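A single chain, nothing else alongside it, follows as structure tokens in the form predicted alone.
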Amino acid sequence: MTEESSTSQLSVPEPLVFDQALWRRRSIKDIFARYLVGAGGIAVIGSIILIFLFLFMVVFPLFKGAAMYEVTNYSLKKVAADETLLYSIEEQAEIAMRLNNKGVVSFFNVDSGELIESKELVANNDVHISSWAHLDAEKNIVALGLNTGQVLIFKHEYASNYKDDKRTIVPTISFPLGEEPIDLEIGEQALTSLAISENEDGLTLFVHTESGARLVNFEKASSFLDEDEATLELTSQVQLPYVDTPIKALISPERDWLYLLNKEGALAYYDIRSKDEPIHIEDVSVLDEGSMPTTLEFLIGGISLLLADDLGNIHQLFLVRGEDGTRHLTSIRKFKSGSAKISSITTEQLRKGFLVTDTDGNISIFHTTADRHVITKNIIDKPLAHLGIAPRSNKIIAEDVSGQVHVWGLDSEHPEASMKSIWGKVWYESYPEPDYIWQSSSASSDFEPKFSLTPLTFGTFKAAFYAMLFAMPLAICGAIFTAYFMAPKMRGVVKPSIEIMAALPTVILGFLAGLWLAPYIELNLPGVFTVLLLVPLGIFVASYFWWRLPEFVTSQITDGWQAALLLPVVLFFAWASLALSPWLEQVLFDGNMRLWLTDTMGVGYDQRNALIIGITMGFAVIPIIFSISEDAVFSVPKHLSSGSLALGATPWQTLMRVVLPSASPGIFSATMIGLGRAVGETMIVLMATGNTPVMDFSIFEGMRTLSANVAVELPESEVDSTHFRVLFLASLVLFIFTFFFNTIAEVVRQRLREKYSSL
């Protein structure tokens, strides 16, 4: 063969041709993909930031300070003359009412001071006002004590008329209990002190005259033809033990308690539920040494008392039921407006706030529940004597000792919110001690808001804890066995079957948990706890017998399929435990384990409790933890485990010392992702718990979580109200929790990856 022929038979590769067009298309695709992925990542980060900013913007006004601004001022002569007794402002803050000591009611424009109308209530020159009291400040009903031993009750009302789309407010005076004064049948004695309270049953008055103190009771009889028209019949008149002329006397709205404040600062209170035999409970003194009392007022609702002194202190008190069942007047909290003498207290009509004036010309605003000093503003360098506030708390009218009237605007939207009222223990009215309470609404207008997020946060972590307690061992151990020990064909069935559980809607799980699982567990409570004992014991016994079987029997089962033999064992022992439940309950718990828990162990039992949540929410979390953990274990390089086995380690030693350390970053990530899912779960905890915001870690008690609370109450809350913003604060807290846990998880995962990357 010639050299030429041999050369012709050799295959010579064709030279590579550089395709510039193909390279350009690929470069464009790479650049597009790179920027697209980058834009997606930036969009995710931007979305998270925008969500945070939106929540923060809604929540921020909660902690915004109050502001007062001057509207106008004018001379009292423009309104009327004589000494002022009372100021009041109607709801639209356009018209104010002034009552003077001559019994003249004057209506005037708040902003201009122009007199609209005057009405003389006491026309007889021989009759004058010796005392006065609010019968119902919210309904604008005032009682006047006369020097004739009579009481005149009037009401100032405001009707809105619209003509040509222009609103006109017309003030009127009415007499709900008759135009004639009520005769107390004590003779012509001046009423030097007066307290009055009325409900649907009758009328109770405390009067102090030169002949002493009396408690006078009337029974109310409604007219058959007109329910609003009522007649009064004197039923009792009780002489109280010697009482000094009180600085202030008050009767609770339900006509059951009488409070008397004397000039030394002693506050006496009487139980007057028995109208014929009032009981003097005790005298209480809460003032600081060297201080003298100035005034006493009810907070809205008539439960709390506000006692002011000449050193600028205001004490809040209310009756607290003791362990013996008796009620004692207790000082709850103390406020400080300054060092000047408090001259008057005015309470807000729609919330648990109050305003005080002092002799330095300051107006201070406080909120009792939030234990918050909202604002102090100097109005004038003269003592302020009288104060009135609009029902919506947006305008204030004050009078100084020189007869000048000052009108100020007020911007204080959320005084109820403070760090203490949201996160700390608060001593609420009628509660025996400070506590964490969430109760956002009530049918009563004098309701004390309870916006503590502490029990909701506690409930969130409690639900997540019991869910993870149920899910983590099953999911992680199942993932390890599936990835490391199970046969490939069996793994191909088990893994998708568990992962498809994640597709179950949580609303279905919650529905089944609330309507089926909770009643079933309550009826079979002994069997449920027996399952926790017998199933592991049964697995151990079955494994022991399998280990003792001859090799020719065990060798019939291919490695990796032994777990299938445990399925009937688990089902049998679970069925046996539940079947034994009625017998165990009858023998051990006298036929009722729930009653035994309550009466004998002192443990309360709610049907929808943390046990139900642990099982149901654990069922929802298992697929996430299992799938990620299984992938992490299965992804450990095979040469690591093979090398360990080749060096003489047992499969168990290889798993514990080689496989699990390498897979630990993925297992930890799976756990934290599962925890994040459990913390943010809404529908299951909404439907499968009693939604009771209690702080009890018992597995038999329910809870309320942050997410469920937002889902329940946000649709019903008033937009931009304190309730609305506190719910958004709960969402922000939940967002921060999730972000925090995910950040910690990522940091720990990276450190674990660096630590075991050298294996």
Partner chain sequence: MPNNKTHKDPFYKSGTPWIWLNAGAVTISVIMVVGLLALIAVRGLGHFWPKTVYEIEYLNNDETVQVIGERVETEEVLKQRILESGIKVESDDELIKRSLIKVGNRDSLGVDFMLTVTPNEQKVTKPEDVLVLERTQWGNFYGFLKEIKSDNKVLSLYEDIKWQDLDERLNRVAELRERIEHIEKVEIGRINYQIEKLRLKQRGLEKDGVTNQEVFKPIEKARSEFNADYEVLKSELNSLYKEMSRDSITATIMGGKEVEVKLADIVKAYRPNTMNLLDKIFFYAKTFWGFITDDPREANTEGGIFPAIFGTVLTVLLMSVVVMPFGVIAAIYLREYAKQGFLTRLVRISVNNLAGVPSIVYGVFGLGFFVYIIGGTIDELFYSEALPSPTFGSGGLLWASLTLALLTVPVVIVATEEGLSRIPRAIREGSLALGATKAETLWRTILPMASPAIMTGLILSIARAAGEVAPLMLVGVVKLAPSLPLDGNAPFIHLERKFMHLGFHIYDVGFQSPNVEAARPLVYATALILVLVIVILNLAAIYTRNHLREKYKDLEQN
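Heads up, when I say rigid core I mean the largest set of C-alphas that superpose within 1.5 Å between the two forms. Numbering follows the first chain given and starts at 1. Here the structure is a predicted model, which means the values were calculated and not measured.
The same protein also has a form predicted together with the partner chain, omitted here; what follows describes it.
Residue contact with the partner chain in the predicted complex: Phe540 places a heavy atom within 4.5 Å of it. Proximity of Phe619 to the partner chain in the predicted complex: non-hydrogen atoms within 4.5 Å are present. The shortest heavy atom separation between Tyr242 and the partner chain in the predicted complex exceeds 4.5 Å. Of the heavy atoms in Phe54, some are within 4.5 Å of the partner chain in the predicted complex. With the partner chain left out of view, the stretch that reaches within 4.5 Å of it through heavy atoms in the predicted complex is, among 169-177, 347-355, 576-584, 277-285, 576-584.
Screening Leu232, Cys477, Val71, Leu115 for any heavy atom within 4.5 Å of the partner chain in the predicted complex leaves a single hit, Cys477. When the partner chain is considered in the predicted complex, only one residue from Asn592, Ser441, Asn394, Asn199 comes within 4.5 Å through any heavy atom, namely Asn592. Taking the partner chain as it sits in the predicted complex, the stretch 461-475 comes within 4.5 angstroms of it through a non-hydrogen atom at Phe470, Pro473, Leu474. Comparing the forms between the shown form and the other one on their rigid core, the Cα displacement of Gln562 reaches 2 Å or more. Comparing the forms between the shown form and the other one on their rigid core, the Cα displacement of Val633 reaches 2 Å or more. Comparing the forms between the shown form and the other one on their rigid core, the Cα displacement of Asp30 reaches 2 Å or more.
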